[in-house]
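The form predicted on its own is given below as one chain in structure tokens.
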């Protein structure tokens, strides 16, 4: 318990996050970094960037609501303190991705309409399933849904996007790097804290496993919509980017897949496969049986 208290203390959070990898940053990136002109000046690339960023805002708003809502449900003060730091992390994520929408030219008075227009309905339902557990004060199910399922999803999505943008968009890539560091800490808390509670409440396993299966289905449906539904946009974005660079695209390999040239269905497959494999591993560590979701 002493290691748990130290690893997830507010002091450790201060030293690693605001006094560590976020020091000297603004909205998650170095001062002066801007969105590339190529994105801002091309309607296709700009609209794709806005659509992608909206999904991040939707996910992080759900994470903010979940982490803050779980504080009072936590059975011990160490967990309450960690969730307080996670709440601030999630609030920061909402802010930095919202700021990116502004940087992409979304007007502040058009923010909510823009989010409503682009938000994937499956991602919205994914969030609702999680928040239903949180609203009921179900700490065990809530932390599994938040810190294992949602954060595990975000971790892999951010990694993939960071690998795609490290050369094309250093501003966005650095913003993602900080969120990846946060998500790694959040997932670690979920694994380390919930295992003992699952063992104490084995009767909750079937309900939590059903939740994981349902959330995973809506995650996969979101991926399908983004990759299959926007294949033409992806190809057009690549053509524009390659033409602007006047050469062949630089290889950007993630989990064995070249993100710069892979077909949309390959990108969907590697992301879905990576996330689901991580779910299976992490759920096993806390004593839950991974449930294979239906395929959309």
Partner chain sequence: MTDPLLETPEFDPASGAEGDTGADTGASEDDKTRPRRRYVIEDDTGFDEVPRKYRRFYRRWAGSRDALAPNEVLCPVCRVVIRSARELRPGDRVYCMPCMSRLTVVVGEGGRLEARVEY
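All figures in this text were calculated on a predicted structure; none of them were measured in a lab. Positions refer to the first chain, counted from 1.
The protein also exists as the form predicted together with its partner chain; that form is not presented, and the subsequent description refers to it.
**Q** 126, 214 and 220: each with a heavy atom within 4.5 Å of its partner chain in the predicted complex?
**A** Zero of three within 4.5 Å in the predicted complex.
**Q** Heavy atom within 4.5 Å of its partner chain in the predicted complex: which of 166, 181, 91, 84 fits that? Just give me the one.
**A** Of 166, 181, 91, 84, the residue with a heavy atom within 4.5 Å of its partner chain in the predicted complex is 181.
**Q** Could you tell me which one of 138, 225, 191, 103 places a heavy atom within 4.5 Å of its partner chain in the predicted complex?
**A** Going through each option in turn, the one that passes is 191.
**Q** Under a 4.5 Å heavy atom criterion, is residue 187 part of the interface with its partner chain in the predicted complex?
**A** So residue 187 counts as contacting its partner chain.
**Q** Taking any heavy atom pair closer than or equal to 4.5 Å as contact, tell me whether residue 158 reaches its partner chain in the predicted complex.
**A** Contact with its partner chain, no.
**Q** Answer for residue 290 alone: is it within 4.5 Å of its partner chain in the predicted complex, judged on heavy atom distances?
**A** Residue-level check for residue 290: no, no contact with its partner chain.
**Q** Can residue 286 be called a contact residue for its partner chain in the predicted complex at 4.5 Å between heavy atoms?
**A** It does: once its partner chain is placed as it appears in the predicted complex, residue 286 has a heavy atom within 4.5 Å of it.
**Q** Partner absent here, but in the predicted complex, which of 129-137, 104-112, 192-200, 166-174 has residues with a heavy atom within 4.5 Å of its partner chain?
**A** The contacting stretch is 192-200.
**Q** Note that its partner chain is not shown here; using its position in the predicted complex, name the residues of 15-30 with a heavy atom within 4.5 Å of it, in sequence order.
**A** In sequence order, 15, 16, 19, 20, 21 come within 4.5 Å of the partner.
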